[in-house]
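A single chain, nothing else alongside it, follows as structure tokens in the form predicted alone.
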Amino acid sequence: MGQRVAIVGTGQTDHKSSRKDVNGVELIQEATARALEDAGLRRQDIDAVVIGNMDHFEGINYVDMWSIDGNGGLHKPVMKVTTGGTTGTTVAIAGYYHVASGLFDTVLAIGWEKNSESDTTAAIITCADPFWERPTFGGAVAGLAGAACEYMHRYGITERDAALIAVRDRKNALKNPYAHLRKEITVEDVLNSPMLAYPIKLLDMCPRSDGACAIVFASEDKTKCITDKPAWVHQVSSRHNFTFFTDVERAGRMPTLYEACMDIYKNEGIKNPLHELDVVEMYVPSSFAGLVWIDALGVCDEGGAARLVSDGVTEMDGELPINPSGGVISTNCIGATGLIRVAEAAMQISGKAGEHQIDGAELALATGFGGCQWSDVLLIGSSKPN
């Protein structure tokens, strides 16, 4: 059995559509410095670094090497992780395992992206198989739109049902100083925004953000010397069941997220996640995905997510708050997006979430999504894991 691991520090940049004031190294350094400050540590206190981004988007490789001045990895083991949209959560899981293995006591995990200097749609389309997939796969928006159509047809939900997700998350973002989009919207605003790919409209979708996030993972012995209110990593799980975009099962709830969640619940002894979880930081790139993936959390019957949302269950004052940070619909620096979910979950457990803090949060779930329905899930709690 490996050693217990806690998150003892987190740091985020100021996320915007374009951070022209900094280059990539400086953006990474901004998040790194804030995470170390939060943990009360110095660069020399870090044993190893895990870093990742969507290098296919920017067309710049080997971030683990050229960002050394920003990531603090000089003369230390540095691992680069790139797994598509799940890069952030995969970086977190890799950082966790680095410490849990007993090889290191303190590991800095960093995710970042400068979307203003990339072409996301072109990158996603060109990574698709040129013969079987590229003629019909129009990038992230089109893929999400196809899944949305199937979900609407299967369960009879409406565009208005989905719009409530965007309204909720953008309202929550008003309380998060790091969020990129901080302007309240209404259901009518969403429904009247420009159509991107039916049924997804502009305000149903996440933005493209420049930003970075960093997390400090520490062993149990190190944690005792750093903080008296750590966020302990209880469980991690990952599922990557499909190779091609055309293999993906889109009808019903997402199987990879559902399987990863069931694995987490089984190992943790969670019988009723709706009542036992205190908060969820969920990777939701579009409002319709928010409904499909709430189903996959196993907190309701298939097709029941719209009812939970309309009843206010997922609001900040509801039984299961989802995305009190504003989520991906408010901030999406892709290589960091999943890591932000983990950081925000840890902040909730440590009581550091400021105005968007959920009172009494003791058990938080963070999820990541990418590629062919790749799903990562991390469970973080206030008590030491068994």
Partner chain sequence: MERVAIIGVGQTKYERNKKGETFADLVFEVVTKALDDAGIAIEDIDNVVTVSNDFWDGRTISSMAVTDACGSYGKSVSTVEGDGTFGALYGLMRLLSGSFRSTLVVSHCKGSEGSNHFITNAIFNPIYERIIGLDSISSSALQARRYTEKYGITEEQCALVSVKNHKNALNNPFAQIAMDISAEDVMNSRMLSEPIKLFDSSPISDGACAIILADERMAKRVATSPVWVKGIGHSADAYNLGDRDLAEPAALIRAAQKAYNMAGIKEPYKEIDVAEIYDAFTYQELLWSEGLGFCERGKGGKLIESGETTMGGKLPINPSGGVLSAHPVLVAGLARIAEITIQLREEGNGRQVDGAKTGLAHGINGACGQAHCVWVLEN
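Positions refer to the first chain, counted from 1. Here the structure is a predicted model, which means the values were calculated and not measured.
The discussion below concerns the form predicted together with the partner chain, not included here.
- Of the residues P207, G303, G84, G298, just one reaches the partner chain in the predicted bound form with a heavy atom at 4.5 Å or closer; this is G84.
- Partner proximity in the predicted bound form, defined as non-hydrogen atoms within 4.5 angstroms of the partner chain, places exactly one of 173-181, 73-81, 312-320, 290-298 at the interface: 73-81.
- Annotated contacts: G2, D55 and D129 all touch the partner chain in the predicted bound form [non-hydrogen atom within 4.5 angstroms].
- Taking the partner from elsewhere, I226 is found to have every heavy atom lying beyond 4.5 Å of the partner chain in the predicted bound form.
- At the 4.5 Å threshold, heavy atoms of F104 reach the partner chain in the predicted bound form.
- D69 belongs to the set of residues with a heavy atom inside 4.5 Å of the partner chain in the predicted bound form.
- Contact between Y97 and the partner chain in the predicted bound form is found at the 4.5 Å heavy atom cutoff.
- Along 355-386, these residues reach a heavy atom to within 4.5 Å of the partner chain in the predicted bound form: G371, C372, W374.
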